[in-house]
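Listed next as structure tokens is one chain, alone, in the form predicted alone.
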């Protein structure tokens, strides 16, 4: 039986094994604590039998006006728990919070351009490639900014793809 619940401070000492995947971005402890303090509704963990952490999602809400959106900072599932649709459930949770609670226009995320399994999963969940960010990951690998329009974006303006790639310094941050 899997339980999805809010991430708590104690989980910071228990989730390292989930981050062992080479495609998972890892951060320092203060980064996780900031997300936990500022956006607790956007930080959830999937926990299995024996209180094993199976995966987690971490995100935030940001932007202004029609750029008000939910952002997936990290979503990952431990290799032994993949193919059980946990990532899909975690993504849907973040999308629902963004849509119903925060009244966001869209949800976005960044993914390595080489991570085809993740890209395909996001496309199945309704995400489109909005733009390519050149050398986004450590100044070496391109990232794809993928977006999914939410109910507030009736005309789906937020997902109209840009025609040219951008560089990291062209990204808007809040």
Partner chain sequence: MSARFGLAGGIPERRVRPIWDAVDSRQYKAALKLATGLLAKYPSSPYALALKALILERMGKPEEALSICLEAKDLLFSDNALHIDDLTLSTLQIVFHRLDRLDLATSCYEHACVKYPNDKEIMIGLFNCYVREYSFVKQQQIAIKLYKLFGEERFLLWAICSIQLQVLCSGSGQKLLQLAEALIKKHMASHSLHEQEALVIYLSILEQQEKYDAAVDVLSGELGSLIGIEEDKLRIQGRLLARAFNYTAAAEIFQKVLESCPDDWETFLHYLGCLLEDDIDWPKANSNREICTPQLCIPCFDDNKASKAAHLSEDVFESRISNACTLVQKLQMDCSDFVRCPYLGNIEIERRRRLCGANHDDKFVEALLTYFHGFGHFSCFASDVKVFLDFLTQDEKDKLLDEFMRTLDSSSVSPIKALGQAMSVFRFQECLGVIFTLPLRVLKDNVKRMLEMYCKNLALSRDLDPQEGMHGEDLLSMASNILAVLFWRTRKLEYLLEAIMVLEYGLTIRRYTWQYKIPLLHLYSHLGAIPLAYEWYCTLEVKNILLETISHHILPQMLNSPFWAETGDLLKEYLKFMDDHLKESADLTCVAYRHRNYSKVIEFVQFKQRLEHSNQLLMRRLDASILQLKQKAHSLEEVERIFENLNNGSKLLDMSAEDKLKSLTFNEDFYSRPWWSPTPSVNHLSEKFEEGFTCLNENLVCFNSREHLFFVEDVYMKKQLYICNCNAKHLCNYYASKS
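Positions refer to the first chain, counted from 1. These numbers come from a predicted model, not from an experiment.
Omitted here: the form predicted together with the partner chain. The next part is about that form.
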Heavy atom contact within 4.5 Å of the partner chain in the model of the complex, the stretch among 127-135, 58-66, 145-153, 114-122: 114-122
Proximity of residue 164 to the partner chain in the model of the complex, heavy atoms at 4.5 Å: no
Contact test in the model of the complex: residue 9 vs the partner chain, heavy atoms, 4.5 Å: yes
Touches the partner chain in the model of the complex: residue 16 (any heavy atom, 4.5 Å): yes
Contact label in the model of the complex: residue 27 to the partner chain, heavy atom within 4.5 Å: yes
